[in-house]
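Read the single chain below, which is given as structure tokens and is the form predicted alone.
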């Protein structure tokens, strides 16, 4: 190994900035339960969710991605980004990467690689690892990774309650201000049929129970591997984050560490911090690739007992299936990089939809015949400067 590669391996790399955006409309899950003839506690307690964000047509994955990234990027950041990754399973084109639209909206330099990554909910973690490798091998450059998705299962379907919409943007740099990511991680891939969306379908299909079994099983295998190598020592882990399409899913993963598998005090600490990590997700719903990263924002902004030097584990899962367990350390001054007040306002200022409004918004579609379609702007706030203006000759027109 050369001296240069040794130095690259020793450079701290990770998340320097993080921000999220979610559309300004939501459905209260009590309203959904009553409309579907279900006990509200099946949603509020049974899956552990309270609201879900609903995206109007003008807030597609490109608009949401740009809105998540816009407020956190400085002029220098825009000049120094050499890699842009948009992770999504809600792709808008079979050929052109959605990242290219985002690059244009954010006015980034042409001197970068812009790509789209797809592997169900795991895609953003693949993007983070790719970004870390890029920054290590390109000193002075930065990488922007954005997870942006709209979870759709259809009206009056078993998966309807686990829908949502939103985007999380992360700037990956050397000497990061929020979370330094360790180079060693544990991952596993296997072909399963727990969740999929054919090209011809606008909604996803899932084998819910089977998906939970695969999710939990892969976590247990990766945790055991990490423990055997001395990387997942629970006494040195202050928090453990999970992919949370709904909060009960992550809780099931965490519970596998109970019953004496780890020290009781460690289990209690991880459980208490898990509860802080799901605060935002319970309000936004399932955002696929961004679910684990909105959990990271939620933990950092809602848990006041964490401190620089604390080590955090992240379990990322994408159906189909790919899973990864990796670790990072909180950096000095990380709290100054957070925008808790804006995030709380973003959630609090959303408009509550009636069931009829929700169903109409869900059922609205873009034209697919090449005709022109002009869209109204659903969010006039400063949180959403970017939006889809409409369709013209089969092309999306952004503003």
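Residue numbers count along the first chain shown, from 1. Values in this document were obtained by computation on a predicted structure and should not be read as measured data.
As for the form predicted in complex with a small molecule, it is not shown, yet the points below apply to it.
The small molecule is not shown here, and in the model of the complex it never comes within 4.5 Å of any heavy atom of residue 71.
For residue 245, a non-hydrogen atom is located within 4.5 Å of the small molecule in the model of the complex, even though that partner is not displayed. Shown alone here, residue 158 lies within 4.5 Å of the small molecule in the model of the complex, counting heavy atoms only. Not displayed here, the small molecule is kept clear of residue 352 by more than 4.5 Å at the level of heavy atoms in the model of the complex. With the partner omitted here, the residue from 130, 206, 203, 114 that has a non-hydrogen atom within 4.5 angstroms of the small molecule in the model of the complex is 206.
The listed set 295, 218, 126, 120 contains one residue whose heavy atoms approach the small molecule in the model of the complex to within 4.5 Å, identified as 120. Partner contact region in the model of the complex: 314 to 322, out of 295 to 303, 168 to 176, 269 to 277, 314 to 322, criterion any non-hydrogen atom within 4.5 Å of the small molecule.
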